[in-house]
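Below sits a lone chain in structure tokens, taken as the form predicted on its own.
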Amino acid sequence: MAYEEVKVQTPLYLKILPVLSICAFFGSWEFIVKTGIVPSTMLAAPSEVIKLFIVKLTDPNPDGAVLSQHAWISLKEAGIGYLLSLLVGLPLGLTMGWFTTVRGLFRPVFELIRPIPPIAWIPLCIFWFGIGLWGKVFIIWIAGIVPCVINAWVGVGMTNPTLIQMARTYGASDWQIFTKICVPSALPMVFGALQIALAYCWTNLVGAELLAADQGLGFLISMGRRLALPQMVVLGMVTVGIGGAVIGVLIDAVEKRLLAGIRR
């Protein structure tokens, strides 16, 4: 007997609620600024932010670059640092989770560096790299590598011991158990690390650009503060939020496709 898939219809009010919530939020924001409840020198109204957004698409003044240039610089810095954190952190975490020699060699250094906030590295990065690309890439890499190592390490530790014992019974080597059992078992935690590392990298990028940069979204926010332009500060913040959300959705889509392929 064949069963037809039952599709549950989402009630109309549940579809409308998010739209109403957003409209109410921005409407309230516009109201409290326009009526003077909050002075416009302290918070820009959404309409002012939209006007500045349109201007910054083509006008580099007063911060020296159009919005697309700032966004591209931030994406490039975040992308390089993020990829490096994955390339180093995930293999390191996976091998630390299984091989005691690797864990004994790297865990003390990792535990020493892990509690240090990435922003604390900024003064040294300025000495080493100046305020260019690679200083911020280093900070982003430091921020992203921690969740990568931890998630991969924990993922290996969650491997079913029965599977490991069975593999040993049939004569599998440590390397075969690691590659054929531990790594596939750790994949859900590894994909979780992609999202967590992205959040760490993106937020620390903004912090780095606030303190040491001449372009980027964090620099845009910093210039808005220096020039007493709250609409520029809010524009930078909104752009950062939208950029992070879009990247997160893309990573989530890739994760679902890869996991679906593995389960087949």
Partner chain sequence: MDTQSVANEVIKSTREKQAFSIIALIRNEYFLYLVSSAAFVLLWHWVAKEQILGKSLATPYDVVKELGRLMTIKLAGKNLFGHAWASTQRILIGFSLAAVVAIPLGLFMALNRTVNAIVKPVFDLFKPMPPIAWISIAILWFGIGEPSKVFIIVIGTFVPCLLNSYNGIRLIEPELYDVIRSLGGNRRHEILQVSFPAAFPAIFAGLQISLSIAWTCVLAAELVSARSGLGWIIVQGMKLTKPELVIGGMLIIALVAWLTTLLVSGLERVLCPWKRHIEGL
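Numbering follows the first chain given and starts at 1. What you see is a predicted model, and the numbers here were worked out from it, not measured in a lab. For clarity, a rigid core is taken as the largest C-alpha set superposing within 1.5 Å between two forms.
What follows is about the form predicted together with the partner chain, which we do not show.
Chemist: Is it the case that Pro115, Ile119 and Ile221 all touch the partner chain in the model of the complex, with a non-hydrogen atom of each within 4.5 angstroms?
Modeler: Looking in the model of the complex, the three residues Pro115, Ile119 and Ile221 all sit within 4.5 Å of the partner chain (heavy atoms).
Chemist: Sort through Ala213, Ala197, Leu67, Val206 and report the residue having a heavy atom within 4.5 Å of the partner chain in the model of the complex.
Modeler: Looking at Ala213, Ala197, Leu67, Val206 one by one, just Val206 meets the 4.5 Å heavy-atom criterion.
Chemist: Can Trp175 be called a contact residue for the partner chain in the model of the complex at 4.5 Å between heavy atoms?
Modeler: Output for Trp175 is no: heavy atoms all beyond 4.5 Å of the partner chain.
Chemist: Using the partner position in the model of the complex, report whether Arg225 sits within 4.5 Å of the partner chain, counting heavy atoms only.
Modeler: Flag for Arg225 set to yes.
Chemist: Check whether Trp153 has any heavy atom within 4.5 Å of a heavy atom of the partner chain in the model of the complex, and answer yes or no.
Modeler: Residue-level check for Trp153: yes, a contact with the partner chain.
Chemist: Would you please decide whether Leu84 lies within 4.5 angstroms of the partner chain in the model of the complex, comparing each non-hydrogen atom pair?
Modeler: Contact with the partner chain, no.
Chemist: What are the residues of 217-246, in order along the chain, with a heavy atom within 4.5 Å of the partner chain in the model of the complex?
Modeler: Ile221, Ser222, Arg225, Pro230, Val233, Val234, Met237, Val238, Val240, Gly241, Gly244, Ala245 sit within 4.5 Å of the partner.
Chemist: With a threshold of 2 Å on the C-alpha, tell me if Val19 counts as moved between the shown form and the other one once the core is superposed.
Modeler: Yes, the C-alpha position differs by at least 2 Å between the shown form and the other one.
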